[in-house]
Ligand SMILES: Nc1nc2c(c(=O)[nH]1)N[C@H]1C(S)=C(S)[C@@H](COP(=O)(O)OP(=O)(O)OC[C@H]3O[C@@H](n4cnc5c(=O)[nH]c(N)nc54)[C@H](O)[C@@H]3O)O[C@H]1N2
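The chain below stands alone and is given in structure tokens; this is the form predicted on its own.
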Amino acid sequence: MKTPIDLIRPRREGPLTERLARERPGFGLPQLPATRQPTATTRLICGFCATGCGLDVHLHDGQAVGLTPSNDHPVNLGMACPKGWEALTPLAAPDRATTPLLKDQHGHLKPVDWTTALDAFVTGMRAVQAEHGPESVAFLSTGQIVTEEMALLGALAKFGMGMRHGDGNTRQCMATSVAAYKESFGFDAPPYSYDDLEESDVIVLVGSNLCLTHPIMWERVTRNPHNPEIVVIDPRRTETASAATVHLPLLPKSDLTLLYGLAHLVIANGWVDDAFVHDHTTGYDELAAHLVAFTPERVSAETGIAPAELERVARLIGTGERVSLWWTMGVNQSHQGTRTAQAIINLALLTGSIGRPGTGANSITGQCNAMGSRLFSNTTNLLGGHDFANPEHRLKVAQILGMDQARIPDGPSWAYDRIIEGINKGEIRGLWVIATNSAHSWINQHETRRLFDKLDFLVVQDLYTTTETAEMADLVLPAAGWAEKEGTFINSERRLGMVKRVARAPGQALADFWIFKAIAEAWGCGHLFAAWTDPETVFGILQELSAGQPCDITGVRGYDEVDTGVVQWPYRDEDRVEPLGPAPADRVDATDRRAQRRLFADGRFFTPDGRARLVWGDPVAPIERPSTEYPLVLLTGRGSSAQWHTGTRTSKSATLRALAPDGPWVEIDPADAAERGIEGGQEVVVRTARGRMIARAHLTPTVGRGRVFVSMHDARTNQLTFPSFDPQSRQPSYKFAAVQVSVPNPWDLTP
């Protein structure tokens, strides 16, 4: 009788056996040539941020030995940030998960084989469902694995295992932009190409420290030949703000009011593109009526920005020929982030700054494959950007997958915060966490860790055994990382890129794809995914699912064309980019401007009537406000271009550690520090109503009076953050909390 482990250690002859053997060296099987045997140098898309840089990986005997940035990739053009140069280093970390680990009767994680691990997974999850109902188990996924793995996970969990609820850590970074684009444009559709950074004559950056968080995009700004005006809207004088033409250091979380004030001035001064608004938008009269109240005097009082500066920036936006507006986490991670993002979109629509080179309302994505997650993870959207609630969409997906439509839920999952709340209420008793570190990254960390202890069964599938979440697990499944498997990423500008297997995963670690396949067999639903034989075959299935959608990729001719770097969705047959003439391997040069594509050039949007929606709402104050006990405002964000998120991977590199600050630190204005008797470099205690951390004080006027800044990378930071959520996107607001900073008492230094 065939057991689930046959998928891990195949003993039969045939194509599946051979493919599994090729994908998993180290299981006592002969090492066969890779499915896509790389040459001496092969290109991969970087696995850190969503910029999506091309990296040329250099090989010896088929294994990666080093890398350099790709000179001819359309994203980075030969450049790389510190993380990109060190992309291979985390794969060799000594704390890699190399074998499944199962908690014994004494509460200790002990090595087991895959047969035991799969049996434990199925037994544990089914026991929870049997006692508490089929919806009592959930999964939390990621923007870090390849698109084909995301799709298989989402389909397996929801269609095969009966999990209704599953979300991804993209909820922490991109949910606001998704919600804003869907309501305003009719689909989650970032409209731009990175070339727009070089084409603009006015660049507006809202809540984005671009030169630190996305260095290669900032390099594209520096290549702009038009001497652009650069406007930065940010409470801190960041590295980007210091290089800007104009910096508006607004009061924290007053950005929605400020943006409405700018739109008020655009209308009042006659800078509206009346023809564009009339022909391509709806809601102008209602928006204009709403904006009447946002006079320069009111906006100045609420934001701290002088009326003359408001007028200056409004004039730049209203009269610029090629104006692009960009935002990232400073907007997204807010209690009113969706309406703030839509206020940026409104400015682009009011001035007709969209669909042309150098324009757009442009959300900059966080994780390497957040866009893949947004479209194909089967969490917020049904596969391919479809709607769970639409019966026609469910029927289409069911027919393509050859499944009974009844297997597809008729509504979306709970969001991440509702899943966490479900654990607190006892509604979620089993949790499967894949390639994310929730016990570090989720807001209000103390509460999250307490809740994870309430679970009956916690499974963590990750590269490392030492993450805060893995150390709490009942079962750890060892996963392969970037460059140890095959699949596709989709970057911020909707460009597809390839990940290839150029390194061997250690020990018994497997690509997430093959773990999901093995779990499907162990669960007894493997027949549903018999056609999902390998990542490239799944890519073909995703192409079918995308047909007719705004993200249609049916014109892509397999992985070979993805590897050229020319594919931005939509990419139908009519969107194909063909060579102008004879070219090496008959391939289009990916740096050719014809390979740079933006949306809405025809003024048609993805709404039923083809018009963009002008959307607005009343500004709302943050729930937690400064007080006598906690008089300062806590801001958080990226602390170094050499650090990434929870540091799970970047901390493995000695080079990246050397380039980043050593230990936690807090930026505080010199005047605020003097009032508290704090000196530069001194250890201080940072307190909120939820927790505290010890950090070194960095005295700098760039943070501004009345506020402090702490890097997001330290595990203790989210002991401080306040759990507030945007009502439209359910994204957490990491950027505002009431805090006090003081010289520590002796007991503050006690661990």
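All figures in this text were calculated on a predicted structure; none of them were measured in a lab. The numbering used is simple: start at 1 and walk along the sequence shown.
One more form of this protein, predicted together with the ligand, exists but is not displayed; see below.
Partner proximity in the model of the complex, defined as non-hydrogen atoms within 4.5 angstroms of the ligand, places exactly one of 539-547, 386-394, 611-619, 361-369 at the interface: 361-369. Contact check at 4.5 Å (heavy atoms) against the ligand in the model of the complex: all three of D234, L463 and H713 pass. In the model of the complex, G124 stays away from the ligand, with no heavy atom inside 4.5 Å. For S70, no non-hydrogen atom is located within 4.5 Å of the ligand in the model of the complex, even though that partner is not displayed.
Mapping the unseen interface onto this chain, D255 counts among the residues with a heavy atom inside 4.5 Å of the ligand in the model of the complex. Taking the partner from elsewhere, C49 is found to have a heavy atom lying within 4.5 Å of the ligand in the model of the complex. Between the options T436, T176, T379, T488, the residue in contact with the ligand in the model of the complex by a heavy atom within 4.5 angstroms is T436. With the partner omitted here, the residue from T303, S641, S651, S136 that has a non-hydrogen atom within 4.5 angstroms of the ligand in the model of the complex is S641. Contacts with the ligand in the model of the complex, taken as any heavy atom within 4.5 Å, map within 507-537 to D512 alone.
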